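Next up: a single chain in structure tokens, the form predicted alone.
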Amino acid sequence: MKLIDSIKKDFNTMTLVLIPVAIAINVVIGQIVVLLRLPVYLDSIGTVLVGAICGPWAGALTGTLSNIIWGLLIDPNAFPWFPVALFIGFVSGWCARFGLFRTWWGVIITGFLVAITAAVVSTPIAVYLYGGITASGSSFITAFLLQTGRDLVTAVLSTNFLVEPVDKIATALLAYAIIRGLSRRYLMRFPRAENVLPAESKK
């Protein structure tokens, strides 16, 4: 029963309004990065934002829907990564619930924890579905490591551990900047606003 109540709390009217906006942020920025072949992703800013102020279940749903919609409407290569996006939203939400979105250094820790999760979850997809070389600009690192004699799994995992922390810490900081730009009155309309308010503000 507690699990059901926890899931229900994540979804109020403001959550349902924010999710489509967050999906649009993910898809637009993510697609620009893909077209520019940058060695980062930046396709989870909206997911982390929803996870922080609405909760882990809402974050997980946002990430999942982002990649499914992106994959069905624009780039089919985005679709298989929805499990990664799901975990990004889920972990971000739980990090916020543990108070890590109340300070900039906590946000950096959140980005690092999300990065580790994303690296582990994405590696099997990259290896078994794409043979290690994906549409991302980071694939040139994988290709280089393969040329140096690394096996495929090691090359992909090493690339992920190099790229993901930079990407996810930047993503978390951008989401944090958006939250800091919101007024306290507006922020309090979201179901998990207390997770991102500084301790002195909560008092």
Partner chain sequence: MVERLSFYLERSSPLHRLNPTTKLVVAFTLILVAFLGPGLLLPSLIFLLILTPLSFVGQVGREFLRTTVRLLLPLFAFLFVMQSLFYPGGKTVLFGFWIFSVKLEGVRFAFLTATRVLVMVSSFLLLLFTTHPGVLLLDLTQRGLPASVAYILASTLQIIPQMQAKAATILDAQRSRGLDTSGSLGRRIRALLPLVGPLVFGSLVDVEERAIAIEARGFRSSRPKTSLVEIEDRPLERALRWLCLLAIILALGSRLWP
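Definition used throughout: the rigid core is the maximal C-alpha set that superposes within 1.5 Å between two forms. Positions refer to the first chain, counted from 1. Since we're looking at a predicted model, the values are computed, not measured.
What comes next is about the form predicted in complex with its partner chain, which does not appear here.
Chemist: Although its partner chain is absent from this view, report whether S136 comes within 4.5 Å of it in the predicted bound form, heavy atoms only.
Modeler: It does: once its partner chain is placed as it appears in the predicted bound form, S136 has a heavy atom within 4.5 Å of it.
Chemist: Determine whether any heavy atom of F112 comes within 4.5 Å of a heavy atom of its partner chain in the predicted bound form, and answer yes or no.
Modeler: Residue-level check for F112: no, no contact with its partner chain.
Chemist: At 4.5 Å between heavy atoms, is F98 in contact with its partner chain in the predicted bound form?
Modeler: No, no contact at 4.5 Å.
Chemist: Check Q147 for me: does it contact its partner chain in the predicted bound form (non-hydrogen atoms, 4.5 angstroms)?
Modeler: Judged by the heavy-atom cut-off of 4.5 Å, Q147 is in contact with its partner chain in the predicted bound form.
Chemist: At 4.5 angstroms, heavy atoms only, are L3, I7 and P83 all close to its partner chain in the predicted bound form?
Modeler: Negative, none of the three is within 4.5 Å.
Chemist: Listed by sequence position, which residues of 3-38 have a non-hydrogen atom within 4.5 angstroms of its partner chain in the predicted bound form?
Modeler: Heavy-atom contacts to its partner chain in the predicted bound form: F11, N12, T13, M14, L16, V17, L18, I19, P20, V21, I23, A24, I25, V27, V28, I29, Q31, I32, V33, L35, L36, R37, L38.
Chemist: Using the rigid core as the reference frame, would you say P56 shifts its C-alpha by 2 Å or more between this form and the one not shown?
Modeler: Shift at P56: below 2 Å after core fit.
Chemist: With both forms fitted on the core, give yes or no for whether the Cα of V33 moves by 2 angstroms or more between this form and the one not shown.
Modeler: Passes the 2 Å threshold, so yes.
Chemist: I want to verify one pair: I32 and G181. Are their C-alpha atoms nearer or more distant in the predicted bound form compared with the form I supplied, knowing the change is 3 Å or more?
Modeler: They are closer; the C-alpha distance drops by 3 Å or more in the predicted bound form.
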